[in-house]
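Just the one chain here, the form predicted on its own, laid out as structure tokens.
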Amino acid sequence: MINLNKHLNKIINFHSKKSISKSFKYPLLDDAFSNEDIIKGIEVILKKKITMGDITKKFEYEFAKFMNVKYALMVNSGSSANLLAAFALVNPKKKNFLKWGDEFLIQSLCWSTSLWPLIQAGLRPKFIDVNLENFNISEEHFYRSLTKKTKAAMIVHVLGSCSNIKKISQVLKRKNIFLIEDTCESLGSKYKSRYLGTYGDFGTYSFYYSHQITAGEGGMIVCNDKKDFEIINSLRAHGWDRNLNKTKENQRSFNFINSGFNVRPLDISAAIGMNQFKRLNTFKKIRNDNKNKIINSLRKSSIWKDQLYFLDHSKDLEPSWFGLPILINKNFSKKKKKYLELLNKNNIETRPILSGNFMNQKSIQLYNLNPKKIEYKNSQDIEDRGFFIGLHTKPLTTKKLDILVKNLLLIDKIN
């Protein structure tokens, strides 16, 4: 009789040799899945019930328990988590729901689907610059921008870091302003011993390939209010009341009690994601260790002369790093384009920090969202000088570390 797991491991190992990441000496994330992750997904396929079901519910339960929140709802992406959070704020079932044209605050260094769901829900953005210490929202500018018109805030936690979200949440709560925390890049980070994403009305997370854990795709949205949970549960699937009333009759019904989307996940994604979730703290430690190895090795180099700057974080933050954000020294900033071209040519995979200064995106012009042409100097500085590289979930080998450090210091040799 064939040992199925042994047979599956053989197949997985054979196909893993053809991994795309092998084309990079230092990819954004190397070998994200364990064989056990893949086997968990295969087991779902073999049961022939791959759509959202019991495994998704189990993952939601485990996630909520770990994050110390009352409710967690899985969706097909972090972007969809933001979508549900945005449309929950304007939903007539929500107490004091927001109206068309109400103002929300968001940082100018952000991701596309942090911004657009709120605009698609009919809300009007007011952009806030970030700081250069941790690339997160500038608290000074944020508090100064709060007015009677402000009805909500979307705070994006950048690459595992954050500003003082505890104080921000307290100020917003006193003013009855809704708060969404986009934690898609910061799963597992804690501020003052509390997980990011749990301070606001909603917290959103992503399980995309290169993130802290991955299900290939997938995301989660958390909250502590039962009514909020019922709204997002219904919005997730067509506006049904299924899963809200657990009678057998209700599970077969077509009662549309709200507006809705279809952003349900697959049980395959839930199975893989839940298996990875067990290793979140292990991944968190390894990524942090790798970050320290890279920075220390660069600074110990005989040719180190502060060519690069690495963001700092407060003592109150226990970070779960997504990547290693880097700012090029101003003396070398004009070399950035050639430098990144050289790194990518040498198979060191790089990315911009989020979307850079989002004010430069063509979609902002298309919808005329910055009519006064306001400048966001720090966001622009980060776009002009910033980039990030991945942090892997396996300890860096000396060989790979040496290759990376050698390439990162090539900026000196660019004319």
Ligand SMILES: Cc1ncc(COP(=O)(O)O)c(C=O)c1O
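Throughout, we count residues from 1 along the sequence that is shown. A quick note: this is a predicted structure, and the numbers were derived from the prediction, not measured.
In what follows, reference is made to the form predicted together with the named molecule, a form of this protein that is not presented.
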Candidate stretches 119-127, 89-97, 260-268, 200-208, one within 4.5 Å of the named molecule in the predicted bound form by heavy atom: 200-208
Site test, W111, G218 and L354 vs the named molecule in the predicted bound form, non-hydrogen atom cutoff 4.5 Å: yes
Listed residue that, although the named molecule is not shown, lies within 4.5 Å of it in the predicted bound form (heavy atoms), from V156, I165, I231, L105: V156
Interface residue in the predicted bound form among S79, N136, Q212, Q276, criterion: non-hydrogen atom within 4.5 angstroms of the named molecule: S79
Close approach of C184 to the named molecule in the predicted bound form, 4.5 Å, heavy atom: yes
